[in-house]
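Only one chain is included here, represented as C-alpha cells and corresponding to the form predicted alone.
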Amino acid sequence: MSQPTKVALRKAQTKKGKVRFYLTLLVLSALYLVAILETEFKISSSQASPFTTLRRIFISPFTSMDYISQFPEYIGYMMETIAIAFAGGLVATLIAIPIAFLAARNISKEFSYIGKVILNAIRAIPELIFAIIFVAAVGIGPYAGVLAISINSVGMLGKLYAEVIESIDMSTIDAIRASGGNRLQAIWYGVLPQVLPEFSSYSIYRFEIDVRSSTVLGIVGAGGIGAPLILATYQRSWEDVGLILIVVIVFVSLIDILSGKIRKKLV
C-alpha cells in the first residue's frame, strides 16, 4: 500500500471517528433534554431553614451534656456495625476464593463461565435487597446483616480474586505439574503464594466498604447504627442525627487510615 493511500485511509478513519463522536454527543444531549423537560421538580417548603438544621446537626450536640452523654450508646451501636462488617467480610472471603478459582479462565478453562455467571448474578442484586430478604427470613438483628454483607461481598471479591488469578505467572504451575505434582499441589504451591497478598489487600479494602454498607443496612432492621439513625431522622431529632453522623465519620476515617497502612505493607 502506497504512502498516499495510507494517509487517505487514516484521514477517513479519523473523519469517521469524529462523526461517531458527534452523533453520540447529539443523542446524549437529546436524552438529557427530554429527561429535564419531562421530569417534574418540586421543592417542598420547610419551616426550619437549612442553616438551623445544620446547626442542630453539627453544633448543638456539643453544647449540652445531655447530648454528649449519649456518645457511649452510639459508639456501642457503631461497634456492632463494625462487627457485622467484619463477620460478613470474613465469611465472604472464605466463600469467594473457591468461586474465584472456578471463574478464572487459566484455572478452570472452559468451566470458568459457571463461576462468572454466579458472580454476575450476585453483583446484580443490591445488598439492600439481600438485607430485606434475610430480615424476613431470620428476623431483625445483626445475623441478617452478616448474611446480607457476606453474600453481597462474595460477588465483588470473587471478581477481583478471579482477575488476580488470571494475571499470575503460569510458569511456576507448569513446572510443578511437569515435576509430577497434581492439580491441587499446583494451586497450593504455585497459585496461592502469588495471589494471597493481593487477596488480603482486597479483603481489607472490602471491609472498609462493608462498614459503610452495614450502616445503611441497619435501616431495614439488619442491626447496627442504621436503625437509630433512620429513627432519629424520621423524628426530626437532628441533634441525635448529628451525634450518630459524628460517630460514623470518626470510625470510618480511623478504619480508612488503618486499612490503608495495612494494605501498603501487604502489596
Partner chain sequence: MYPNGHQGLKNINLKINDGEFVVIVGMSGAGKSSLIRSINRMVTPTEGELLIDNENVLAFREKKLRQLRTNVGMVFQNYNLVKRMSVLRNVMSGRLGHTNTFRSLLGLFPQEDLQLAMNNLKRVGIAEKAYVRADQLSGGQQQRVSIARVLTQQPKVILADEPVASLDPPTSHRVMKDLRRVSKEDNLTTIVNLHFIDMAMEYADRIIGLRDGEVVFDGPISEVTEATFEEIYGRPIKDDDLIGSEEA
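Nothing here was measured: the structure is a model prediction, and the numbers come from that model. Numbering follows the first chain given and starts at 1.
Although not depicted, the form predicted in complex with the partner chain is the subject of the following passage.
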Q | Segment assignment from 151-159, 136-144, 173-181, 78-86: heavy atom within 4.5 Å of the partner chain in the model of the complex | A | 173-181
Q) Even though the partner chain is not shown here, does it sit in the model of the complex so that Gln185, Gln194 and Glu198 each have a heavy atom within 4.5 Å? A) yes
Q: May I ask you to check whether Phe111 falls inside a 4.5 Å heavy atom distance of the partner chain in the model of the complex?
A: no
Q: Please check if Tyr189 has a heavy atom lying within 4.5 Å of any heavy atom of the partner chain in the model of the complex.
A: yes
Q) Quick one: is Glu166 in contact with the partner chain in the model of the complex, heavy atoms, 4.5 Å cut-off? A) no
